[in-house]
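Below, in structure tokens: the form predicted on its own, a single chain.
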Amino acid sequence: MSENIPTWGLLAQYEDPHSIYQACEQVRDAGYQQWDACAPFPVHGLDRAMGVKPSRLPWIVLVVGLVGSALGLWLQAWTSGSAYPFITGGKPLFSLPAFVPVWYEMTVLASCLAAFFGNWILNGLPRLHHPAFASRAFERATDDKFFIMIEAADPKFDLAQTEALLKSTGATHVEVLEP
């Protein structure tokens, strides 16, 4: 391969879940940081084999849900108690049981929006193009093949050494991805 061709990274193909699991452990142990694994179905423990840290998404959903809950309750209390005080049937201005349905729905709405948009933001979506999409082999990532992609931006990336590592992990096909 010519050295003047820009390289995004390497793509390695594996045949079964067991082989990609072991390959992920070896790539993780080799010290690579900017890489990913793709599988046609969830592989139990693959995130652990990759050394992936737990997601921040549950905390984002919790905080935004609590903020939405507080804002929903505050809005109802403010409108019925301060902005538009209107006593109906002798009920108090701040009637918590009457506020529960809207309060609950505001909590659910805020949490759902946080989960949806937080997932997109944390995953860098929408991404309409990825260098792997140009690979004919990668088309089978949604069918029956497993893949590891190591980016050239990784500090440990050396084309020859990284390719040798991927082949030593049992990859059946290794190719260079161009940006």
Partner chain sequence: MATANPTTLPDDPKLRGDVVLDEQTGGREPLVRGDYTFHDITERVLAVNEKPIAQTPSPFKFGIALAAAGFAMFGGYVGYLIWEGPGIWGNNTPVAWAWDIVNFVFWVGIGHAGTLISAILYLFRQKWRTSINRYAEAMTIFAVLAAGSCVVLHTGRVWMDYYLFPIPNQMGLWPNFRSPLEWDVFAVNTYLTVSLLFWFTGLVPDFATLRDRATVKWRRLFYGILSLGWRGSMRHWVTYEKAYQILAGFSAPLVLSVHTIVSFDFAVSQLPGWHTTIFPPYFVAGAIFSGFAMVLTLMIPAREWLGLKDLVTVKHIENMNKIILVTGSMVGYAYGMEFFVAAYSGNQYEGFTFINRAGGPYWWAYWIMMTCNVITPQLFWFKKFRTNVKLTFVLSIFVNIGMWFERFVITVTSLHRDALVSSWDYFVPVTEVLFLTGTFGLFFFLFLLFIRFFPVMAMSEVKGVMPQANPHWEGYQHGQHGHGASGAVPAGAVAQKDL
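Residue numbers count along the first chain shown, from 1. Owing to the predicted nature of the structure, the values given are computational and were not obtained by experimental measurement. Here, rigid core means the biggest group of C-alpha atoms that superpose within 1.5 Å across both forms.
Another form, the form predicted in complex with its partner chain, is not on view; read the next lines as being about it.
In the predicted complex, residue 149 approaches its partner chain with a heavy atom inside 4.5 Å. In the predicted complex, at least one heavy atom of residue 144 sits within 4.5 Å of its partner chain. Of the heavy atoms in residue 29, none are within 4.5 Å of its partner chain in the predicted complex. Of the heavy atoms in residue 112, some are within 4.5 Å of its partner chain in the predicted complex. Looking at 9-48, the residues that come within 4.5 Å of its partner chain in the predicted complex, counting any heavy atom, are 16, 17, 18, 21, 33, 35, 36, 37, 38, 39, 40, 41, 42, 43, 44, 46, 47. Shown in the overlay between the shown form and the other one, fitted on the rigid core, is a CA shift at residue 89 of 2 Å or greater.
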